[in-house]
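Below sits a lone chain in structure tokens, taken as the form predicted on its own.
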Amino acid sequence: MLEPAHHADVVIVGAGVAGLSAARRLTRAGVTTVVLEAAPYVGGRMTTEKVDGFRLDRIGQLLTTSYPELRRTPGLDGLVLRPFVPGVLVHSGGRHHRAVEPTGPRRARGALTAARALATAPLGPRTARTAPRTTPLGGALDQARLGAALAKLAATPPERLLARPELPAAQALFARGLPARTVNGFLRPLLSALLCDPDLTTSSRCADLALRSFARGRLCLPEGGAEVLPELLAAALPPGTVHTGVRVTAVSTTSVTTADHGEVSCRAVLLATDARAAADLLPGLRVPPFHQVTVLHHAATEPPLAEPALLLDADRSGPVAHTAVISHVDPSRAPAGRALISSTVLGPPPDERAVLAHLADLYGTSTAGWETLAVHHTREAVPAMPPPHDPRRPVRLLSGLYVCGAHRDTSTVQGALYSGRRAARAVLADLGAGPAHGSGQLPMAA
């Protein structure tokens, strides 16, 4: 509980990953910091619901092992990443086609060439007669072009990508000479999954950053659920730093007013809430449009897929954009003997019968016996990034007042963590304190 007339050097409003990462850097620099969170838990949208032994993420955001902030942020040394292995499966024409993830600039050029020989067996007798002759990646020459494009992105510094001409991502993909089949069959569903943007209205610069991360690393999930990441950050802070269940009603450069806990005086305030909550406290802040996301979690006795891969629907034949047997990727998310299937719809909740019918087609199996564990719909799940988009929006509004979050950077976990680092650096500079630097290796589950 907050004490009357509480004082801190810095008050951070919001205990999402941006605010917690900023708090970790400030406390390491010796700055007295208090984090106030209105919810009864930390993490913001990175929360995990527990149902009958299952661990269900509210928003199934994908991470990549190449996110630099996962290694740079102090407190995340204990984070274990569970990769999708071998990576991505694309469903098209009744078949699964494998697209092996690149794992660095040198391997990006050739990593996708195996796809033409690795199409799986047909999903059933009906599709065997209509199986396509080529994969969604196109022929061998098309795949070579795609591999070369990914290799070039992997080797390009982010600053150069951010200086490129800006278009909507869908338009930019076709403007770069890649065949329509490769774009529609692989890049479009992949980027839709990475950006939670079904129409790819996102800035081409941000799309290039997402593809660069994909080309340099592996798609993955945090072991134990999305909540593990913010909980690690919170646990690394000094005791008494984070206060949940405290609703902030007003802010200034020298104090924060709460609904039930009085006023907290300070030398600086950092808003680390979502964009709408920040604008409520500071009218005039821009509120971006958002992408809706619905995540449906199902339990089954038998897993419908034998490998921990991310399954994309290239045909866009139903409401599900991508799905995975999450218990294959991270066994800790399901009780023994049960399979957890999590599927993402990029939009409002559809009719569940349509979802189950689509999943039956994607996996090639009956879904009649599947149990619905939860349906999580988040209307303002991911800030949209249409062009023109500035991924380095100022975090310093004026001396003593700062703002951070994915809406100030890119709409990813990487963007949220990086904006927290930028904000902490600005606060330290204005307070005359030295910068805090963190390092540490990030283990990856086998």
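Just count from 1 along the sequence shown to find any residue number. Not measured: the values here are computed from a predicted model.
The discussion below concerns the form predicted in complex with a small molecule, not included here.
At the 4.5 Å threshold, heavy atoms of residue 274 reach the small molecule in the model of the complex.
Contact check for residue 11: every heavy atom lies farther than 4.5 Å from the small molecule in the model of the complex. Put simply, residue 378 is close to the small molecule in the model of the complex: some heavy atom of it is within 4.5 Å. Contact annotation for residue 46: at least one heavy atom lies within 4.5 Å of the small molecule in the model of the complex. Comment: 276-284 is the region of 73-81, 276-284, 152-160, 231-239 lying near the small molecule in the model of the complex, near meaning a non-hydrogen atom within 4.5 Å. None of 401, 384, 31, 62 but one reaches within 4.5 angstroms of the small molecule in the model of the complex through a heavy atom, and that residue is 62.
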